[in-house]
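Starting off, we have a lone chain in the form predicted alone, written out as structure tokens.
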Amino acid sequence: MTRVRPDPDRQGKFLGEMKAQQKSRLYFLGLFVLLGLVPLVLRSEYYLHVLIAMFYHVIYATTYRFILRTGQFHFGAHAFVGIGAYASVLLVMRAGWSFWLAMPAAGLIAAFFAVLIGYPTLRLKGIYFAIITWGFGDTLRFIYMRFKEPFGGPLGIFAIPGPNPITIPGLITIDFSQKTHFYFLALALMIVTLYILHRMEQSRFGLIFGAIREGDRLARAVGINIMNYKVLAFAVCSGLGAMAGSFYAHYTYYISPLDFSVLLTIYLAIYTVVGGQERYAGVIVGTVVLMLAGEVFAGYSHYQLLMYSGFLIVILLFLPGGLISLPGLLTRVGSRAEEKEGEKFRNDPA
């Protein structure tokens, strides 16, 4: 009987992937623990609210950026966030579902619509796909505004119930009557979303999406079913964004069609470009920096889009790689300055 000798290269690759997975799990667990300590330091409900808003906007922005990474210029992110919000609210208020069932169900409904829209339209690229997704989002917004029953019409839906209480017998009851409870729920939802997208990007899916972005024809030539992978990315990201939309609805207790206009997608595009699209952490940096800037200049909210556009122009002109590339740029500038100083010293030691 012939013994099959293990391939050392394959074993090494497998062990490397296992170590990378463990490292990423520890990283996200550490991030959760670190951010989980924030409520012990920040007692102000205002600051907690800012962080909560930051968390669900990070989910919106990272899912938006992932679709961009597949080579599709997506301009309808607001549509799927709105589907998640309205679906969750109607399931809870009309069908009597628990929030904990309605939120994942809203994600599945949004993913279903993404598949339904994606298969016929993802063959298009650039401005054509952007126009179709924009039109889809505005069509949904028109429906929300036109039909008072069941969508509440232009005034929206009021008195949305919060998440159902969680009771741990003998320990604690989390009834979501405090900002801290919503903070931990938003944090958990963000960490799970970031972990899923990170694993997808670091796996073979990430390589395939990168190949599709660089050239559809070449990817198809090597046997990649580009439509299936594009639809997969579109559905997963739309579903995750919709779950964040569900959280938003039950956190604010009120939604209206104005919450899900194309302006939301424009903000996400600005966050992505300002932070840096090429790096995974770039969109997170862009979202955090611009939202903090928005809070600093909260008294000038009418000029918020103008301020964001100014950031965008400055970044495009002077820092094309986004804010995430700034440390590397400063390091290179410092190294060049040291080289020039050393060269000057060598030429003129006196």
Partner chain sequence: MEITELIQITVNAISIGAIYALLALGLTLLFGIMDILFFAHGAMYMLGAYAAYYLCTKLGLNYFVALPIGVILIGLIGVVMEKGLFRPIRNDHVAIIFLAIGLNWFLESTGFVVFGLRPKPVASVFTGQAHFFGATISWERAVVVLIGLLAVLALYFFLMKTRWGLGMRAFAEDPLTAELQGISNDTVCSLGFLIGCGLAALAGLLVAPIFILTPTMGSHAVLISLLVIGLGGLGSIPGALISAFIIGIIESFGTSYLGADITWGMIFIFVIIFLIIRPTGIMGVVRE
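Residue numbers count along the first chain shown, from 1. Here the structure is a predicted model, which is why all the values come from computation and not from measurement.
Here the subject shifts to the form predicted together with its partner chain, a form of this protein not shown in this document.
Peer 1: Looking at heavy atoms inside 4.5 Å, which stretch does its partner chain contact in the predicted bound form, given the options 263 to 271, 159 to 167, 87 to 95, 241 to 249?
Peer 2: Heavy-atom contact with the partner occurs in 263 to 271.
Peer 1: Taking I131, I313 and L317 as a possible spot, do all three reach its partner chain in the predicted bound form with a heavy atom inside 4.5 Å?
Peer 2: Heavy-atom distance to its partner chain in the predicted bound form: all three under 4.5 Å.
Peer 1: Out of Y280, F75, F99, F182, which one falls within 4.5 Å of its partner chain in the predicted bound form, going by heavy atoms?
Peer 2: By the 4.5 Å heavy-atom cutoff, the listed residue in contact is F75.
Peer 1: State yes or no: in the predicted bound form, is some non-hydrogen atom of V33 no more than 4.5 angstroms from a non-hydrogen atom of its partner chain?
Peer 2: Close contact is absent here: in the predicted bound form, V33 is far from its partner chain, nothing within 4.5 Å, heavy atoms only.
Peer 1: So, S325 and its partner chain: in the predicted bound form, are they within 4.5 Å at any heavy atom pair?
Peer 2: Answer no; every heavy atom of S325 is more than 4.5 Å from its partner chain in the predicted bound form.
Peer 1: Does any heavy atom of L29 come within 4.5 Å of a heavy atom of its partner chain in the predicted bound form?
Peer 2: L29: no, not in contact with its partner chain in the predicted bound form.
Peer 1: Does the 4.5 Å heavy atom contact test between H302 and its partner chain in the predicted bound form come out positive?
Peer 2: The answer is yes: H302 has a heavy atom within 4.5 Å of its partner chain.
Peer 1: Heavy atom within 4.5 Å of its partner chain in the predicted bound form: which residues of 204 to 221 qualify?
Peer 2: Contacts from 204 to 221: none.
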